[in-house]
Structures are given as C-alpha cells and as structure tokens.
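Only one chain is included here, represented as structure tokens and corresponding to the form predicted alone.
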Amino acid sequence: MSDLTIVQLYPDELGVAGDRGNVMALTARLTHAGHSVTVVAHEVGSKLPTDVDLVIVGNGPLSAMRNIHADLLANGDRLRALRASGVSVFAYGSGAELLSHSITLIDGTSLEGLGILPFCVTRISTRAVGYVIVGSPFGQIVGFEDNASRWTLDTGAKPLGILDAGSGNGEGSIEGVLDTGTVGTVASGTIAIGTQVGGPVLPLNPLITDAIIASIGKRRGFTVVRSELNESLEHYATRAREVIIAHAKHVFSRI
C-alpha cells in the first residue's frame, strides 16, 4: 500500500467550520484501506512538501483570508504546479474562493485568487443559510450552507452538481465546481472540487470522499479497497443524511 501525503492549507485560519472533519474522514478511509497517511498543516511562512497527493482547504472569515493571502500568493506557482501534475484538490467555502480567479468584495475591491479552480466570486449582501441537497456525478450530496457569495463558473466549466434544495452558487440551479483535468495541462481524470456545502461534507457523504480517494489512486496507481471498518462511519452518515433530507426544503432561508 502507498504512503500518502495530504496538505491542509492554513487550518488555524481556514478551518472554522469543522474542516478538520473532512481531513479526518479522508484519513480514516485511507487508513482503513491499508494506506499510511501523513497530514501536513501548511501555515504562513512554512514550506510546502514536494511529494503531495491531496491539497485540502477549508472555510474562514474575510479577516482570515486577508491574513494568509500574501503567503498563499507566494506559494501560488507551487500549488498550481501540483495541480498541473495531477494532484487532487478539495476546497470548501472561502478556501475554494481563494483558489478561484478572483473575489470581488462588497466594497468593490478584490482579492486575487490562484486560478486553480475555474470560477470567479462576487461577495453579496444577502446570506444563504440552510440545508442543501445536490445531485452530483458521485451520488447525492447533502450538507449545510452558510455563505454570502455568488460563484460564476468559467465558460465550459462544470458544476459539482445540480441543486435539489438550497442556494448553491447563487446562479441558477447549480452548486460548486468540478474540474476533472484536461489532457496536456492536468493529468486527466484527477479531480479538483470547490463547494459551498459544509457539514463537514466529507463525513456526511462517503461517496464523494471515496471519489477523492479514487482520484488520488488514479495518479498513484491503486484502486479503492472496500473496508468493513467503514461500516459504522457509513451508518452514522446515513442517519444524519436522512435527517437533512427530511428537513432540507423546510428550513432553508436567506438572511
């Protein structure tokens, strides 16, 4: 089995919405499948490792985004090169926005993004809060959204999925962004995901967690192995998902 490295970007600043739960879900399922996993927390001023299998980043307030922004840009070439080599990416909330092309703030100023994910962001005054349900290529994704952003995908870019409940990108009936790579620029078939679905989303949705693991495996040459050790995790996820699905269309709101 493989020795794998997950890099979590700025967990102290961009980890305020249970984002470590996403890392824990990935680590648990990889470990149960027999892999050895090292999680590297990249903080301001630290150096990115050279051998990386997944880059993951979570959510945080605008103040946190500003605090890490200079360091993020300084590491931009390295992060773009990792993605170009086929390294998978999972990004949630404002972390995903920092990997977009740019973020236009309410006051008209903007923050430069890394351009790893194919979309632009406009911060808005209306906040979307509530449960969300998304039909995706990996199966039904459920969770919670709390954001005041509109995501505009590049022409030809694909969403993560189609909304059944919730606000998603704030444009039409789509949520998130899914980049599966282009031959010649990014190893084809590896994935980069940006989403507004929290929860945290990966413990709630084992199918998307396994899709990320499969993407890692595509690059590293292994297949996802089913483990009985995941049964209890999937039981709790199923029960939580049932509650969300039952109530999603009744508690969603804008504030």
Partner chain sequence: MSQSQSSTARQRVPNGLKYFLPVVAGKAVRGLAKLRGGGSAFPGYVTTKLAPHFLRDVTSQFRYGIVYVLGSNGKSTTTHMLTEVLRWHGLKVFTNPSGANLPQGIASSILGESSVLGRLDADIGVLEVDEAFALEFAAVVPPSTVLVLNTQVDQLYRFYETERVADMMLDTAQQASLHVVTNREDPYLSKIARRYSDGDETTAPDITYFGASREVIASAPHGLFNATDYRDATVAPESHHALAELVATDRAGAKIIVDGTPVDVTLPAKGLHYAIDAAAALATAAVILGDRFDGASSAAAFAAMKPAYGRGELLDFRNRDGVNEQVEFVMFKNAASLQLNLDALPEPPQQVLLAIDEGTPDISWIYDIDFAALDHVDVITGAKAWQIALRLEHEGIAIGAVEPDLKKAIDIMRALARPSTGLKTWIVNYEIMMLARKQIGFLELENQR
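Positions refer to the first chain, counted from 1. Just so you know, these numbers come straight off a predicted model, no measurement behind them.
Same protein, other form: the form predicted in complex with the partner chain, not shown, and the subject of what follows.
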Response to the item:
Answer among 142-150, 171-179, 71-79, 107-115 for heavy atoms within 4.5 Å of the partner chain in the predicted bound form: the stretch 142-150
Discussion item. Can you confirm whether 54, 157 and 164, the three residues that make up this candidate site, all sit within 4.5 Å of the partner chain in the predicted bound form, judged by heavy atoms?
Written reply: no
Worksheet item: Closest heavy atom of residue 131 to the partner chain in the predicted bound form, within 4.5 Å or not?
Response: yes
Discussion item. Does any part of residue 50 reach within 4.5 Å of the partner chain in the predicted bound form? Heavy atoms only, please.
Written reply: no
Item to complete: Using the partner position in the predicted bound form, report whether residue 61 sits within 4.5 Å of the partner chain, counting heavy atoms only.
Response: yes
Worksheet item: Even though the partner chain is not shown here, does residue 17 get within 4.5 Å of it in the predicted bound form, heavy atoms only?
Response: yes
Worksheet item: Going by heavy atoms, what in 195-217 lies within 4.5 angstroms of the partner chain in the predicted bound form?
Response: 199, 200, 203, 204
